[in-house]
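Okay, so here's just one chain, in structure tokens, the form predicted alone.
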């Protein structure tokens, strides 16, 4: 598969604040990528650089083999749906006006699919944009992002304000349409476990750096939590990569990486509880591990 996006040593400074610090990764054509990280990790800054809304301080970005900044060809092939997306209601006062503008912008626009999504999310074409609720505004962004069928579609926390039923509907429609119309989708989210079935690849940012870049399938089941008497837990983890260690009195809990089935069975036979951890817990533990390493190096 060909690389549709390449990022090399990308940095972005806002005065003394380093929002991105030598970020490098590649995104293949036709895949669903999760961009994950805490608030302030650099996710939105990265997406704004990819979509030419912010200029990088250092490094290089190519999309479709070209530099995106002031490049009409690249920009015409990207749909970027932001969190709390806003629309100029003086120019596009109603939902139908917003969709009409989107149909003119996106070459692959599918009006039939847009109509289906409008019905799914119960959006009224005649409804004024300024009177939409937060959830309805988010749903309108989802309709545009999906119906655009843009070769590169980016959703930055698209579900803001949407209830669980609407979010699940979004996930279902995205996955079904992607199966029939493959394209590159970047999905910035905090709700990793909720969206885990969608994501084929995960990139985790922390403090402006990439701390994890891996296929989702490779991450599943590779980490576990070991629980039991603290002395036994400490003995079990002696030769394992420990992501996080918790101690409550004589009870211990260790989140570990790269544990084999034979190791897991041995620990269970010794009276310890061993369970796989979710993708979200793995990412949380990796993030804490990275923060601890940064604190130690700063001493």
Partner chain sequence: MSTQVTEKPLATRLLRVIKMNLSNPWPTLITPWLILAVLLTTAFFFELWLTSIGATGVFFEPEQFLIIYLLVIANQVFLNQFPLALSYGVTRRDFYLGTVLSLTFVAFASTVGITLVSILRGANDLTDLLNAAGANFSALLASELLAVTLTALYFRFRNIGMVTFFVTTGTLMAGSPFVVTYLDLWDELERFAFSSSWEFARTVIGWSVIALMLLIGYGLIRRANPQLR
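Numbering follows the first chain given and starts at 1. This is a predicted model, so every value here is computed, not measured.
From this point on, the text means the form predicted in complex with its partner chain, which you will not see here.
*Asks:* If you check in the model of the complex, do 70, 88 and 144 all have a non-hydrogen atom within 4.5 Å of its partner chain?
*Replies:* Spot residues vs its partner chain: full contact, yes.
*Asks:* For the interface check, one of 219 to 227, 111 to 119, 178 to 186, 197 to 205 should have non-hydrogen atoms within 4.5 Å of its partner chain in the model of the complex; which one?
*Replies:* Of the stretches listed, the one contacting the partner is 178 to 186.
*Asks:* So, in the model of the complex, is residue 79 in contact with its partner chain at a 4.5 angstroms heavy atom limit?
*Replies:* Heavy-atom contact with its partner chain at 4.5 Å: present for residue 79.
*Asks:* Would you please decide whether residue 138 lies within 4.5 angstroms of its partner chain in the model of the complex, comparing each non-hydrogen atom pair?
*Replies:* Taking the distances in the model of the complex, the answer for residue 138 is no, it never comes within 4.5 Å of its partner chain.
*Asks:* Does the 4.5 Å heavy atom contact test between residue 29 and its partner chain in the model of the complex come out positive?
*Replies:* Looking in the model of the complex, residue contacts with its partner chain include residue 29, since a heavy atom lies within 4.5 Å.
*Asks:* Residue 41 near its partner chain in the model of the complex, any heavy atom under 4.5 Å?
*Replies:* Residue 41: no, not in contact with its partner chain in the model of the complex.
*Asks:* 191, 125, 105, 214: which sits within 4.5 Å of its partner chain in the model of the complex by any heavy atom?
*Replies:* Residue within 4.5 Å of the partner: 105.
*Asks:* With its partner chain left out of view, which of 237, 61, 64, 243 would have a heavy atom within 4.5 Å of it in the model of the complex?
*Replies:* By the 4.5 Å criterion, the partner-contacting residue is 64.
*Asks:* Between 51 to 68 and its partner chain in the model of the complex, list the residues on our side with a heavy atom within 4.5 Å.
*Replies:* Read in sequence order, the residues that approach its partner chain (within 4.5 Å, in the model of the complex) are 52, 53, 54, 55, 64.
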